[in-house]
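Below, in structure tokens: the form predicted on its own, a single chain.
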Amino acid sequence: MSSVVRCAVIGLGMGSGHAKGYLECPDAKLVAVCDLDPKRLDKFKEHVGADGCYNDHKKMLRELEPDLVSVALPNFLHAPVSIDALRAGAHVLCEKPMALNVKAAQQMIKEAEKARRKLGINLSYRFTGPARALKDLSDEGFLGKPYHASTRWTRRDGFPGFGSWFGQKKLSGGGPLIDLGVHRIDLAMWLMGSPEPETVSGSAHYQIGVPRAKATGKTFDVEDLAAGFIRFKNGASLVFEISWGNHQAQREKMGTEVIGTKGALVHRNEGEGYDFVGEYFRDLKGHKFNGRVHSAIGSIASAYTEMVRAVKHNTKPLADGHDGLRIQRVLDGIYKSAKLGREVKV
């Protein structure tokens, strides 16, 4: 591997953040972007030149042979396009969710192993300062034995545009559970030490989005709220609540609490936006201690910088394909449980 990792981005919706991340990384060089929208491509011409702008990802992979490719497309394209990049010899950073289902996620891992390439998943809440600080506490044994967690991300009214791929299960895989829940459930499991899920029990509700979309003649067949319970093989448990539409005071309400035998950790948003805090609680010698993470030591590398480092130094990505598969198993199980109306094995 040369001193600079040559990077490309496929999909410039969410992928515009990937592209900017590579531009800011001193060990990376953005060599190409790919999108079907010429206006999106125009924004990056000054960085990659006209020759680095593509509307055909296979042509881009063939002509430029990038070292690392970000796949930031609609969910149903994550697996096939990631596999195209892996087969072309590139390492891949794929947006969440990893795929539409477990079978596709397993195929991605198989192709990465066959090509001897790294497969990273952008489980982006692992890359916030408070989350990394809490993870360090967890890894140092602050929690003792983690045995229960709760997590939520609920919105007052945060539906994506009706008629888009977001609201069509065959293209998205589901609604807020696979869109938002993937982040908060993964964060809770990560802080718990990534226990293996055994069974899940979930419910999915279609009370707001479906009738609202129907009234406007738009296609929309995914849930607007999902809730449930996860049981892990080590005996630990996790409850969750995720929604795009919910009668609540806050515009965005996010929170994850992990409880252990010695202490508890909390990651939540402050206010109604995306400013996060980390908190910790413990009883010691008859005293009750409450604390807050004020700042992380040093800067927290972005998912893009972390992936570039993993490629350059041949290390494991902070969130790899097996992490993506673990959360994919949970998501698939929850949807299956909701459909069958009973607890199911993961």
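Just count from 1 along the sequence shown to find any residue number. This one's a predicted model, so the numbers in the text were calculated from it and none came from an experiment.
The form predicted in complex with a small molecule exists for this protein as well; it is not shown, and the discussion that follows is about that form.
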Worksheet item: Looking at the small molecule in the model of the complex, is some heavy atom of each of Leu73, Glu95 and Ser124 within 4.5 Å of it?
Response: yes
Fill in: Sole residue of Phe232, Tyr147, Phe166, Phe142 within 4.5 Å of the small molecule in the model of the complex, by heavy atom
Phe166
Response to the item:
Of Glu65, Asp51, Asp37, Asp283, the only residue with a heavy atom within 4.5 Å of the small molecule in the model of the complex is Asp37
Worksheet item: Within a 4.5 Å heavy atom cut-off, is Gly11 in contact with the small molecule in the model of the complex?
Response: yes
Item to complete: Report yes if any heavy atom of His183 sits within 4.5 Å of a heavy atom of the small molecule in the model of the complex; otherwise report no.
Response: yes
Discussion item. Against the small molecule in the model of the complex, would Ile109 count as a contact residue? Criterion: heavy atoms within 4.5 Å.
Written reply: no
Worksheet entry | Partner contact for Ala88 in the model of the complex: the small molecule, 4.5 angstroms, heavy atom | no
Fill in: Region of this chain that lies against the small molecule in the model of the complex, out of 260-268, 189-197, 75-83, 208-216 [heavy atom, 4.5 Å]
75-83
